[in-house]
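What follows is a single chain, given as structure tokens, in the form predicted alone.
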């Protein structure tokens, strides 16, 4: 199971970043063969933790620039992230979309990530669930548009992260139900089958994110068809992250 810890901007000191890394290394070793643990630290800590990493922990950059290189102060290019030790890139996260990333920008970031050897973790998710199920078309468009610049071979490399925006920041009891998640995973694989060759859609790794806590992680994992989780705040506290990985093991 893929467990992606997106530290967002919660982790602001090198001391705290190193402490979480130590905990993650211990978990990755203990549960080797069961889980792949990916850390997505703030970019200033990425190179510090990942560059000389010899553990089973993998690293992911939280976002990449829409530009490949050049005079773009403050941007983190896919090439720079890969050189710093990242193997994966979160692309299209709802917080980046809220800050201005359009579907077209997401597609370019996907292309840059693949081109620099990063595996994109494409985030999609609706703002709300309406009764006429228009949100399904919304999510479908997010997926299809993000893949437009990729070859069929490269599309098969993409990891999909379903993060319904309405579920973010809720309590475990208010988050998505396992039955709703099961239905959504089936729908996502149907969408993928329209744009991937052969049986690639069945092999695509699909994650869930949105108020994942130790209290609901097992319920969301069992029988829903997901392959892992994209975890935010719960992954930034050693105790809750350890508890979450433990209940999934």
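None of these values were measured; they are calculated from a predicted model. Residue numbers count along the first chain shown, from 1.
Just so it is clear, the following notes concern the form predicted in complex with a small molecule, a form of the same protein that is not shown.
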{"query": "Interface segment, criterion being heavy atoms within 4.5 Å of the small molecule in the predicted bound form, picked from 166 to 174, 69 to 77, 124 to 132, 107 to 115", "finding": "166 to 174"}
{"query": "Close approach of residue 233 to the small molecule in the predicted bound form, 4.5 Å, heavy atom", "finding": "yes"}
{"query": "4.5 Å heavy atom contact, residue 246 and the small molecule in the predicted bound form", "finding": "no"}
{"query": "4.5 Å heavy atom contact, residue 212 to the small molecule in the predicted bound form", "finding": "yes"}
{"query": "The small molecule contact at residue 154 in the predicted bound form, heavy atom, 4.5 Å", "finding": "no"}
